[in-house]
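Below, in structure tokens: the form predicted alone, a single chain.
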């Protein structure tokens, strides 16, 4: 049954998804080079917009939501008109591509430290190639089966856990009512040294914080990137969200923003603030949602009261 669903998902994926995400799910389909942001490369097993905590994988529910409603502000469209069973089949196939990609990356990492081209070249200074080849053959015959089982078990555990109740983000308190005081408190937290949201999103929320002009290092090579700004795990340059637009790729419902702040955006430089009190996260949500509607976005966190009608302004004061 599961095999039939994945087989069906493959057919649908090839028809609707592969031209952007690639046949192997590497985010390098024939149209990918023309798109910004780039289509998701599934092989890392990382998805940015989830309702699961910062240590968990993406859930099936999260993938279904993206398929149904797309990702606003990107080329990822909505497939809301497709049947539920078709969307479910695509989800299962995307999960398969992600697990396969993760498995391959982890297995390569197990071999790379001793048997990559660079490692072998270094070892040849003190060892004979025939000895290294023999060692590799022994490793493949005796050790790799256990390594494969271990990687498989680890992946199974993490992907199964993503659909559990324990992985889902559930606020400990209901949303704080949206009010001037809540927005003001949210802005204070946004600018605070503890959270320091302005470092990336800018003081006024325009996505122009100082980190957007800094040269950061690639965490794997430890070499600075050629261009300034923030990069994700796929080495794509990511501009922090301009909060003035009111467009949020992970959804603009209050709970969507709560999850982004709580778990961060996986694979990106947006960190998790899971240790922030949930009441404070709601204040930030209220503030962020108010920014597009302020006369001076980000200036006060409080929308100005509308001007009084001319008839009221001209009315005489009591006693005159």
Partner chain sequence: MKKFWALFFWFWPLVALYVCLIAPGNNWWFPSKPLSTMGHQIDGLFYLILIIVTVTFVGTEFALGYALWMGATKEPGRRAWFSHGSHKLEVVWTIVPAFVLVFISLTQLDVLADIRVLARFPESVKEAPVAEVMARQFEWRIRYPKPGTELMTSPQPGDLYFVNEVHVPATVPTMINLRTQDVQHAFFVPRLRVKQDAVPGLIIPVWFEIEEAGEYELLCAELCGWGHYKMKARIIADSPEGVSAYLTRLEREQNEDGVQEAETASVK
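Positions refer to the first chain, counted from 1. Treat the numbers as computed from the prediction; the structure is a model and nothing was measured.
Beyond what is shown, the protein has a form predicted in complex with its partner chain; the following relates to that form.
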Counting only non-hydrogen atoms, choose the one of 114-122, 184-192, 228-236, 67-75 that falls within 4.5 Å of its partner chain in the model of the complex.
-> 67-75
Kindly confirm or deny that 80, 170 and 252 each have some heavy atom within 4.5 angstroms of its partner chain in the model of the complex.
-> yes
At the 4.5 Å heavy atom threshold, is residue 42 in contact with its partner chain in the model of the complex?
-> no
Could you confirm whether residue 175 comes within 4.5 Å of its partner chain in the model of the complex, counting heavy atoms only?
-> yes
According to a 4.5 angstroms non-hydrogen atom cut-off, is residue 282 in contact with its partner chain in the model of the complex?
-> yes
Does any heavy atom of residue 35 come within 4.5 Å of a heavy atom of its partner chain in the model of the complex?
-> yes
What residues in 18-40 sit within 4.5 Å of its partner chain in the model of the complex, counting heavy atoms only?
-> 19, 20, 31, 35
